[in-house]
Every structure is written in C-alpha cells, then in structure tokens.
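This document starts with one chain, in the form predicted on its own, laid out as structure tokens.
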C-alpha cells in the first residue's frame, strides 16, 4: 500500500474498528447537518486562533469523531469504487481530510507537555486511515483491469485512450490534491506512475509490440524484419501523435493544482516507454550490413524518431535522458542510412557485369536501377539532407569534396548541401560507368545509340523529379542535353555518311558523260549498305519515343531528299525499266517507310558487333 510521511508502509495497525457497524455505509454521517456544520466552524476557529494560545481541544475531539465516522462509512461500502456515488459528499470528505492535515501540522507545533498528545495520536490515526483509503481508491481508479460493477457510475469509460470518464478523472484529481496537501506526494506519485506505466505497456501489447533485441534481429530474415519495422513505425507514430498527448492531458488533469508534478510524471512515463521502444532500432544498427534497397525503411525509422525527438517533453533530468537517448538512436540510424547510400557508389564503381554489352544498345539495367533509386530517395530529400548534414558534422566537415567533373560556374556548387554533393558524385560515377560500357560495342554507331539511350533516360528521370533537377542544377541538365546532341551527330555521321557518298552526284561522270558502270556500282553499293543498316539497326533498341522519332526524322531529312534527287537525275540512264528495276531497288517512298522500322528491337539478342 502507501507509506507514511516518514516513508513507512501504510498498514492497518492502530486503525480503529471503523465506528459503529450499524451505520449505513452509504450515509457519511448520522449526525444532523447543523451539528456537522458547527463542528467545521469550530475547527476553522481553532485553526485561526491557534497562534494566540486559545486552544479548545474539545472541538478537535468532536471533529475526529466525525472524521472517523466518515472514513468508516467509505470503508464499509461494498462497491469496489468507494468514491463517485455522490460527488458533493466526496468533495466534502476531501475538504475534511485537508482540514485534518492542517490540524495535525498545527498540533505538532505544540510542546510535548501541552496536554495535546492524545489528540495528536488520535488525529494521526485518523489521518493514516484517510490516506490509506485515498491511496487504495486512487489505485483502484487507475487500474484499468479492475472489475466494474454495473451500478458503478464510473463503469462507463471513454472509448479512446486513456479510457477514463470525466467523473473518474475529477475524483483522481481530488485524491491527488488531498494526498499531496497531506504530505503524501511520494506515495501518490509512485501509485500513479506504476499503474500508468502498466496501462501504457498494455497499449503496446494491443498494438502487437514485441521487444526485439540484437540476438533476435540477427536471427530474423529481412522479410520478417521489414514487417517488424512497419509495425514499429506504426506504434511509434501512434505514441507520438496519440498516446503521449493523451497521457500528458491525463497528467495535467489529475495534477492540475501541481503542474510541476504533472510535468515530471509525464516526462518519466514517456521516457520509460520510449526506452522500451528504442530497443528495436538499436538492435537493427548492430548486427549486419544492409543492401541499398533497405535504405528507405531506415529513413522511415529516422523520420519516426525525428517526430519523437521534436516532441516537447520538459527540461528535468528525465527529459534530458529522453532527448539524449532518442538523439543517440536517431544518430545511429542516420549513420546506417549514410552507409547504405554509400553502397550505391560502390556498386556503380564495381559493376562490370561481364564483358557482354546490353543487346541493341538499350538502357543499361544499372542506369535504370540508379535513376529509379535516386528518384525514390529524393522523396526523402529533407530527411537525407539532415542525415548527411549530421554525418558531416560528426566527421567535422563543413562541405563535402566537390565532384571533379562539376565545373559549371553558374551552379551553386560550393553552396550545395552535403546530400546534393553526394548526388552529384553518384551521377559522375554513373556517367563514367556508362562511358566505360559503351566501349564494349565494336560498332561506333551502336555505341552512340547506347550513349543516347542512357543519357536520355537519365535526363527524363531528372525532369520527372524536381528535387533532383534542383540539386544538380540547370547547367548540369543543359550540358547533358548538349552531349546527347553531339552523340546524335556522331551517330548520323558514322552510320549514314558512307551511304550518302554512294548517292552523291559527284564522280558519276567520266569525261563529261555519265558512266553507267559507275552508276550501277553506286546503286549496288547503296542497296548493300542500306540493307545492312536496315537489317542491323532494326534490331537496335530506342525505347524513348521522342528520341526514336528524332532519330528517324533526322535520318529521313538527310536521306530522302538526297536519294530522291539521285534517282530522279540518273534513273533515265538505264536502257529500260527492267534494267532500272535491277539496280534501283527502292523508291524514295520505300526508303521513308523502311527508316520507320529502325530501332524497333525486333530480335531479343544480338551478336556483338
């Protein structure tokens, strides 16, 4: 049970028999109302005149008889809830107990030989019983697992945590105020903290919280951990957004007359519960290395901890412990996130993927993975900014090294955030990797298609993400666009310049006359080159519709006019239509239609060219 003011356990030794057993337990006093009021009036006068030395202990004896009678009436009630049946009577009882506390303090000021010793002993006994009753009822009210009687007006509880009715909270407030006024603050707080922590633990159990330690985490598969992480984040956010705010309101309501006590109790409860919740993220950062795709779960954990850390908790010792532990775990999760993100750099640098190029010059899987990864990562931009900023602070760095290839003067390179600089580094590594892989193609034309495919894919992903675009800067995108145009020109020159030479008007005449031999050779060479290009490049892949259209249009704009002009001028030099048909395999309209078949990726694989 409780303790006395000296710290001794409250017991039943020395407690009176509870008065006349014939008293009706639902009636707090059998004395007439006017006598009750008169006794209180006499007691108040005793307290007021105490310092003058006019001490009439007769009224105190009568008052103690009345107190004993009221306590006995409450003790004899069969209901598990002693208070709450009549709020006015309860309020009167608590006022009487407060008067009793005041009388005891006054009587203890008298010398031991003043003749008040017996009065002091009797008052102390009544006071002890009142505190015993108050603490017992306080615990009963706080215990959410108690059996509620149907006739109990407090059996109807709120549907939401902490499930107390307004009436119950009002009674707990009166009890707490009375116990603290009587010098039983420690007993009141111990009872409150113990049972509220029990209630909070019960809430965690309802939410399927499991206290997973390092050993448990090491044995679990990532799939199982992922489920637990999701559940933990749900629980943590529920605590931050609901449980803690409700618990704070309850503390403030029960201890409304003592805000400092309410703040301290809430802080201790929140800290105790949080220490349990932090065991899980602590267990995650120790046992293993995590692959790059695990980053986002750790960022979710970090954000949940950030919300918790931003919660106003107070400034006492428990609050400092709360902030310290939460910040420490948040820092560990942040460092794990930095380590995971850095593995993306390592994977790009170490990705050789054999010596076989991607079929058809298509977008490389590494390019797709990296850009989709960065796009998703930038949905956590603010969190990653903070994570890398704190990482740099821990490393005693003010700014990361600027990527070597990042020299655009109009971009804010030196003012870029640590995460933006990390992003630039990843893009430089990806560019270098793509360049290296492009050299696996023997065909220069296909090499440029590969570079265009990957470059366009990267640009499109950047345009889709405002965050990536802003961090890399306009100059970065402009430079990459210029590179794509350069690759386009190089492709066109490498692929079609030889074809255009075959249909050039120059060199067809010998001694001022058109040479049929040369003309036939020209058409034969054109047909062979065009057929080879058509056969080969129809298997190449350009997945971006706009890029594919741009390539076809640019090819047509050069080839169709040149071919139409060549055919139109020299077709008549063949002896007959049969001979013309033998060498002029395609009409200009045919060339235009066939160009539309390029870059469709008609085969699933290709021989290295």
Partner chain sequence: MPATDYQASFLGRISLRRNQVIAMDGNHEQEDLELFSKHVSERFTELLSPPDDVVFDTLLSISWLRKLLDVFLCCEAEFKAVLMMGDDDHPFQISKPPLDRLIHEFLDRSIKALDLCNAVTNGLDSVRHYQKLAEIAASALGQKPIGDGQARRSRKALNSLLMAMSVDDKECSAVKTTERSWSFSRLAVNKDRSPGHLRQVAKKWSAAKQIQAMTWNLVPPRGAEGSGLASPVYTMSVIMVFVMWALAAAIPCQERNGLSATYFPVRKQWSWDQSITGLHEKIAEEWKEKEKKGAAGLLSEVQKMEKLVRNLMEFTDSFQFHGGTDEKAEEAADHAAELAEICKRMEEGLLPLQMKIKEVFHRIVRSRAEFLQALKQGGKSSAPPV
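Positions refer to the first chain, counted from 1. All values reported here derive from a predicted model rather than from experimental measurement.
Separately, the form predicted in complex with the partner chain exists; it is not shown, and the next lines address it.
Proximity of 165, 381 and 440 to the partner chain in the model of the complex is absent: no residue of the three has a non-hydrogen atom within 4.5 angstroms.
Residues placing heavy atoms within 4.5 Å of the partner chain in the model of the complex fall in a single listed stretch, namely 288-296, out of 372-380, 427-435, 476-484, 288-296. Among 255, 184, 530, 232, the residue placing a heavy atom within 4.5 Å of the partner chain in the model of the complex is 184. Interface residue among 518, 214, 91, 76, judged by heavy atoms within 4.5 Å of the partner chain in the model of the complex: 214. The closest non-hydrogen atom of residue 161 lies beyond 4.5 Å of the partner chain in the model of the complex.
Contact annotation: residue 201 falls within 4.5 Å of the partner chain in the model of the complex, judged by heavy atom distances. Contact annotation for residue 108: at least one heavy atom lies within 4.5 Å of the partner chain in the model of the complex.
With a 4.5 Å cutoff on heavy atoms, residue 222 counts as touching the partner chain in the model of the complex.
Looking at 309-337, the residues that come within 4.5 Å of the partner chain in the model of the complex, counting any heavy atom, are 317, 321, 325, 328, 332.
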